[in-house]
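The chain below stands alone and is given as structure tokens, in the form predicted alone.
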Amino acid sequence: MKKSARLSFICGELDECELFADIGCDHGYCSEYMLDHRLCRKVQFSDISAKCLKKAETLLAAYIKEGIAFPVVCAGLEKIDPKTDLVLIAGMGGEEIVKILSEGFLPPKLLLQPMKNSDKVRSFLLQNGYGMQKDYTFFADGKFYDLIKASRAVKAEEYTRDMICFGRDNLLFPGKDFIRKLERDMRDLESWMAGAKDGKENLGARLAKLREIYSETCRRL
């Protein structure tokens, strides 16, 4: 299976470290990227299912034999070395990411790609002493995704409520992908409102906020 554009994009945001952990690693492409580019000394790649982990074990077989890649069957960070420098969690919901970090440990650096509820991830990071190095939306494989790069060594920036909802970089340094996402979301809301019998007030309030953010971000381009 070919590496997706989403994973290729995520790999481009991975930093050099000593010990790397790829949580819910799928095929193991991000772990392979770290080792192929000599960005880390050792890799731990995990999945809650031993059967699912086999895909990554096959891809990383040579590195496993070399003793620098370690498959781990566990839920979240349960069996991951707490001395890990950088943890990647991609392709999970924001609530699941928060649960994993709450029940595990807080590493020095995180690269997170929540599929939804990114606001809950941002709130958790700010409450636990992380500064966001990057926090923006990108488009890949026909979908929009949020990416959050955080470090405990970076001073936490001031976040407004809108920044928590939409992403700090999206509001301060908006890119074309974020603008496109706003345009899509506004179209969807307009369509839902046209066919809705109930809840139009809430939908209308949401649409008004999106239009406000859209107007402000377009002025920054």
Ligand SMILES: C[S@@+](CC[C@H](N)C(=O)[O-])C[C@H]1O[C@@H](n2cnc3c(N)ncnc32)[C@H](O)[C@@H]1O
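The numbering used is simple: start at 1 and walk along the sequence shown. Note that the coordinates shown come from a computational prediction; the quantities given were computed from them, not determined experimentally.
One more form of this protein should be noted, the form predicted together with this ligand, which is absent from this view; the next part is about it.
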Notebook entry, point to check: in the model of the complex, does E96 have a heavy atom within 4.5 Å of this ligand?
Noted result: yes
Item checked: Contact test in the model of the complex: G76 vs this ligand, heavy atoms, 4.5 Å -> yes
Margin query: Residue-level contact is defined here as any heavy atom of the residue lying within 4.5 Å of this ligand in the model of the complex; does P71 satisfy this criterion?
Written below: no
Next item on the list: Find out whether any non-hydrogen atom of K42 is located within 4.5 angstroms of this ligand in the model of the complex, and reply yes or no.
Entry: no
Check: Here the chain is shown alone; which of V154, M186, C52, I164 has a heavy atom within 4.5 Å of this ligand in the model of the complex?
Finding: C52
Next item on the list: Name the single residue among L86, A90, L125, I80 that comes within 4.5 Å of this ligand in the model of the complex, judging by heavy atoms.
Entry: A90
Notebook entry, point to check: Exactly one stretch in 58-66, 176-184, 154-162, 44-52 has heavy atoms within 4.5 Å of this ligand in the model of the complex; which is it?
Noted result: 44-52
